[in-house]
Structures are given as C-alpha cells and as structure tokens.
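Only one chain comes next, encoded as structure tokens, the form predicted alone.
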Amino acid sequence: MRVFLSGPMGSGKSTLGPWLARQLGKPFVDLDLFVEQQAGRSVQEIFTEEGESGFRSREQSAVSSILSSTPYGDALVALGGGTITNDDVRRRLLREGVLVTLMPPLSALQQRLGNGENRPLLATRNLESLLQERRDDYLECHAQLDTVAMDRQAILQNLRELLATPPLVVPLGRRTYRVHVGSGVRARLGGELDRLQGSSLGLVTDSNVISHWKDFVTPVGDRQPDYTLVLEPGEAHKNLQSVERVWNAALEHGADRQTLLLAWGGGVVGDLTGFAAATLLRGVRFVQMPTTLLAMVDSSVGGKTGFDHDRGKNLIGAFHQPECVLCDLDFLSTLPDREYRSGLAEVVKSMWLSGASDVAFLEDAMAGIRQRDPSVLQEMVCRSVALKSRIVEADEREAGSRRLLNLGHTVGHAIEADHGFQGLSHGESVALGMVAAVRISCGLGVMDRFVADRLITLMNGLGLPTDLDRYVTSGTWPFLTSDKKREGSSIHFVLPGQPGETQVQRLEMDVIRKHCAT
C-alpha cells in the first residue's frame, strides 16, 4: 500500500521520508524532484516562468504518473506542501493509499525555514496565513503527526499501525474524522481520547450493552469517564425524555464546551447522544463506538442525530459530525440473530446504491455473512462505510445525492411508526420499505421485474422480511405526511433501478400508496 506524506514546507517530508521508506521496505519518491525531472527545470525556475498555477498543473500530472505506474505501486511519496490543495488530487490520494500529514508547530516551521531561501511561495506569502489557508486540506488525511512532539520511532510505529488497518476517512475539512473498523479497534479509544483532550468525559450506553460487556465499562487507556449514563434500550425510548437524561447528567457533572460525550451502543444511543452533544451548550464534541451492525454501517457515520416524535421517526434532529468512530467487530459476537439481520437491511441498501460489484460481493459472500465470518464482516462494513463516506462528502446536509441513502426509508419509517416502534426493528422496516420502493419503481417503469426479483432474492437470502402486505395497514399512510422529505403533497422518493443506478423523483403520496398496493 502506498504512503503519501503531506504537510507544509519544512515539516520534514523530504528528510524523514527516505528513512521511513527504508524502514518500511518501500521505494521512496520525492514529488518535487519527480516534477523537476519531468520538466528539466528546478521548482524555483518553474515558479518563475510559469507561476504557481503552472507548477500545480505539472504537479498534478506527476501525481497521476506515479499513481498509474506499477513500479510505484508500493512507494512512499513525499508530496509538495501544496499538493493536497487540489480537491480531486487529495481525494484520490485518500482512496489509493494512506495519506499522512506531518504538522509540527508554527514556531518550529519558522525556525527551520529561516528567511525562506529556495521557497518560491514565501517570496510573496506569509507562512502563518498560508497554513491557515490550507488548514482544512491538511486535516483531510488518515492521520496527522507532530514531528516535534514525536520522534522517528513513534512516527514509524504510527505508520505501521495505519498500514495494518487503515481507517476510512470522512473528508469534511476541519470536521474530518476517521472510521476505524476491525476486531479489537476499541483499544484505540484511549489514544483517541488523549488526542481530543476533553475537559470531562461522559459515557452514554444502554443496559443491553452493559449486560454483555460489563468488563469494558471504562475506556481503554488512562482516561476514565467522569460518569456513566445507562439508558433503556430500544426504539421506544428514542425520545426527548432520554435526551434530557443525557443533558442532565452532563450538566450535573459540570459540562463545559470542551466536554466529550462517548456514545457506546446501537443506533438509538448514538442518535440520542449525538443530538444531546449538538445542542448541549450549543454544541460539544462526541465519539461514536457502535455495537450493532446497523449502527456501524449506517447511523454512526454521517452526522445525522435526533429522536422520534409521535408523528413519526427522527422528526427532531440536527446534523452534528462525530470526532471519530470505532467499529469494533467483536461487539457483534453478542448481537442477537434478529438484530444482526436487521443491520443487513442497511448493508443491502448501501451495496445496491454503490453498484454491481458490491451487490455481487453480497451474493457471493452470503454464507460468510450468515455465519458472521470475521473477514467477511470486515469487508462488508468497510464497503458500506466507504459508500456512505463518499455520499456524505458530496452532500453533507441532504440537499441532493444524500437523499439516495433514504432508499427504503420513506415507507419503512411509516411502517415502523404505525407499529409504535415495537414489534418491527428499524432494519426490518427498511427491508419492507425497499420492497415498497421496488413495487413503485416497477410500476413507474424505472425497474424491470428481473432486477426487482434479484433485490428481493438477496434480501430473502439474508433472512430479511419481504412480505410487505402483512405489515402495511390503513394506519401506515398518514405517517407519510410527516416524512422529512415531504414538500407539499409530494415526497422526494428513492426509486431503485439496476445496482448503482438508483434515482430520486418527487412523487405524490397517492402514487406511492397506489403502487405499493399492486
């Protein structure tokens, strides 16, 4: 796997890079030297003759050459200080390797750079303002390392850990966060809490989690929670009263704006804690440590938080991104079969949105999924999170493409609310909602019957309910009027087609009801 070292000029990329490459057994590439070799001129000469835009164009071409060249398939590449300012380049580097930002303190950079000799940008720019300008770009990485606070061996150890289990990155500028997936990743919690340096730590969980994992009530590492709040489990308790309990516990323990909340549980705990964090003192930070499959592949990533109302599901909420997400697959070992299958509904949704290769993966891995094979679980969760990360990156607040993630949720939420959030789990309701979406899509000519049968067969094979008519009642349809996606008498409805070809159309509510009944 490639490693890309990013960071401002003077951060140590060119000096530290060759040593790290030798330790890791990787070829070393200095991007500036690569550009000079391609251009037959020095970086300074390129800046003088072509300006910064000319240099950036050459730099982007050099990155493409390296990424498409087999000899550099496992290289450690020291990037230029401004390489990652190009959005397309930065996002490609995140996808095709491990991107690490070296970021010493400003005072150390100023001391190293002196008068800026042979640094073309410093002839016309101030270093501090340049760093501020690039701050968000530097934060979109797999890890940020301080080359003053850490010695070479510590940096090397961090790189080895990253290469062993690279986190998935949700790239949102200064709100960027990482999603760690794998068995035992809860051991990283102590390091994450040290990094975040909260003034106090509140742990929010539920009685189901505590009953199975009582030996892990406190986080790994030196930091212990200042208090632990245990909520009642289940969707029936996803309400304002539970949010008030989170607020009250935090305030009783002297919460300030540097307080951290840790959501340790399924989607209900995560949504409630996230909303409480979004609104407590006008916003405090929180960490997600999901314990259910559904929460790992869906609700813990993306920043949607909230709670239910008598008129429908998740009608009160806020967008509030977590600081990090730790998806420890070990937690799934105690998950009841029905809850595990429930999470598979969101997996099917994500894979159908993603495309043909991901759907084929599910079909081929059916036996391993049912048996909870660790390697299959890892791949399944990572693929689902990667899809959600791409969509959230493009549309964080659901103004466009993020609406696709509501596949199965419009009718699914209505069914769930009609049943009083009891008897049917959220995932089971989403599965039934996807059946409704299939019927509507076929009725409108968007999806053909062969493709529809493929999706239904996939859900049946994973043990998800597909007998829609058994669960839809006359009381289901009034809940559509409370759907968050409603505009007047119509709803932004997600219509599946071929894998990867899902679309959103505004449909009148009577059209939805008519085709669901066919």
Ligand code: ADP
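Start at 1 and count along the sequence shown; that's the residue number. These numbers were taken from a predicted model, which means no experiment stands behind them.
Quick note: we don't show the form predicted in complex with the named molecule, though the next part is all about it.
Within 4.5 Å of the named molecule in the predicted complex, a heavy atom is found for not a single one of Arg175, Gly302 and Val325. This chain appears without its partner; in the predicted complex, the one residue of Leu93, Ala295, Val100, Ala414 with a heavy atom within 4.5 Å of the named molecule is Ala295. Taking Phe286, Tyr138, Phe275, Phe331 one by one, only a single residue has any non-hydrogen atom within 4.5 Å of the named molecule in the predicted complex, and it is Phe331.
The named molecule in the predicted complex is not approached by Gly445, whose heavy atoms all lie more than 4.5 angstroms from it. Under a 4.5 angstroms non-hydrogen atom cutoff, the named molecule in the predicted complex has Gly234 among its neighbouring residues.
Shown alone here, Leu335 lies within 4.5 Å of the named molecule in the predicted complex, counting heavy atoms only. The named molecule in the predicted complex comes within 4.5 Å of a heavy atom belonging to His212. From the list 262-270, 77-85, 276-284, 315-323, the contact stretch for the named molecule in the predicted complex under a 4.5 Å heavy atom rule is 262-270. Annotation for 432-469: no interface residues with the named molecule in the predicted complex [heavy atom within 4.5 Å].
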